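Only one chain is included here, represented as structure tokens and corresponding to the form predicted alone.
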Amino acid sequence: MKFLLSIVLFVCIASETFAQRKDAKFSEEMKAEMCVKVKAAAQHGWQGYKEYAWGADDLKPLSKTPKLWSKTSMLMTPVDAYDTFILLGLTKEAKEAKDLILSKLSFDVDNEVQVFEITIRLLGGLISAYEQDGDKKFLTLAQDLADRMLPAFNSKTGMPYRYIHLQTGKKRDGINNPAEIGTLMMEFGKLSKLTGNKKYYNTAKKAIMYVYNKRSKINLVGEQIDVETGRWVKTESHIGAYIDSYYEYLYKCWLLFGDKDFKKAFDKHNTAIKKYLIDKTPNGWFMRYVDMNTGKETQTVYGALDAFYAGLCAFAGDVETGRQIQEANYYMWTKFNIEPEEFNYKTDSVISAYYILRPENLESCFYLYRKTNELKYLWQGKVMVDDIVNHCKNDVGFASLKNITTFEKANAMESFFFAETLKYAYLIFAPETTIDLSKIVFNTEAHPFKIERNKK
């Protein structure tokens, strides 16, 4: 009993300490220290990649071995990391990544790829690299990749298949989802703006707007849809995996391209999301699962991916909703030491106990701090960064966690750790001039795209 009382007392003291600290001064020196810590983390992970996985897609940090996504490497980590290195001022690492990409990357390979993942990581990374660096070789690679993925859109509805073979154009898996259909618009649209060829924009817009036009009467979308028939295969609605970045791209494409169709669609959906999905609890506002046709609750599941919505709300001008959702996000993180992939917020029980170095909670901290200048988001960001460094770092990189309750590590360091997690971690504490949100929009992999609405 004394032991249990001690634990309760410790938790109460810790909570009280954070409550006092969250509004305490966070000095410029402290911000600078956090920036140094994030830069060191980036250098550490990159050094491990160089030593044990050079030329591969990812580093497996526990076995110290390379990982390939397909038969032939497509340099996921270097492409994803390049613009982060530029942003962090890591010129040596940026040069190493660029030299490897331009000397080794080819898409004329016997690889079947997932259209969504390759678009947000590689196509997005190459487009950003071109805009940041100016070397046209990046743009040439981007256009070649996009051309090889275009056959995926050859369906009766114009919505893409999930997988495409880069050499043969053979496509498969026509049961797709809103996220993988809609989260192509920024990248393909931007490529049209850069090349002057409208086919990329028009193809991606037809696909995302088809999903919007298949929304339910209460303006929600489901989880799976048949790209040939347009029939919903799964009708559960939420803001987690398989739907999340579809909503994100509607708003961001409005900002990036000034296309009012995207703003109209986002507003319709966002109103419905706030009406049917938000669940107000003492621990913050969580987002439930509902039936897309009735709005009736089906599950009280929430997780790491869902955490992005707080930042999107704030970014889109609804700071109060973002603030309340971020309270839930931070509760999820601190309740379990590090956020789980999924948990039941009604029962406070973990459903999926792993953490794969996801960025969304940090991303929301970044947007909320930019919109409010409230010090608590600096403190939240510091807690998260410190937890990642303390629990995920090993001698050659950063490892995912197999179980957040035991901190047992898993043998994976996804490329998005460089593209997103480290980038948002740095930007929370970096001078505001580092990134001007009136001039750039981040894709869902945190690759920055320049806003050039007036250019044709």
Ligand code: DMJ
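Quick note: we count residues from 1 along the sequence shown, nothing fancier. Keep in mind it's a predicted model, so treat the numbers as computed, not measured.
Note that the form predicted together with 1-deoxymannojirimycin (DMJ) isn't included here; everything after this is about it.
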4.5 Å heavy atom contact, Gln326 and 1-deoxymannojirimycin (DMJ) in the predicted bound form:
no
Do Glu342 and 1-deoxymannojirimycin (DMJ) share at least one heavy atom pair within 4.5 Å in the predicted bound form?
no
Under a 4.5 Å heavy atom criterion, is Arg358 part of the interface with 1-deoxymannojirimycin (DMJ) in the predicted bound form?
yes
Do Arg121 and 1-deoxymannojirimycin (DMJ) share at least one heavy atom pair within 4.5 Å in the predicted bound form?
yes
Partner-facing stretch of 412-420, 27-35, 42-50, 56-64, counted where any non-hydrogen atom is within 4.5 angstroms of 1-deoxymannojirimycin (DMJ) in the predicted bound form:
412-420
Taking 1-deoxymannojirimycin (DMJ) in the predicted bound form as the reference, which of Asn176, Ser237, Ser128, Ser245 has a non-hydrogen atom within 4.5 Å?
Ser245
Which pick from Leu277, Met384, Leu305, Met149 sits with a heavy atom within 4.5 Å of 1-deoxymannojirimycin (DMJ) in the predicted bound form?
Leu305
Residues within 4.5 Å of 1-deoxymannojirimycin (DMJ) in the predicted bound form, restricted to 423-448 and counted by heavy atom:
Thr444, Glu445
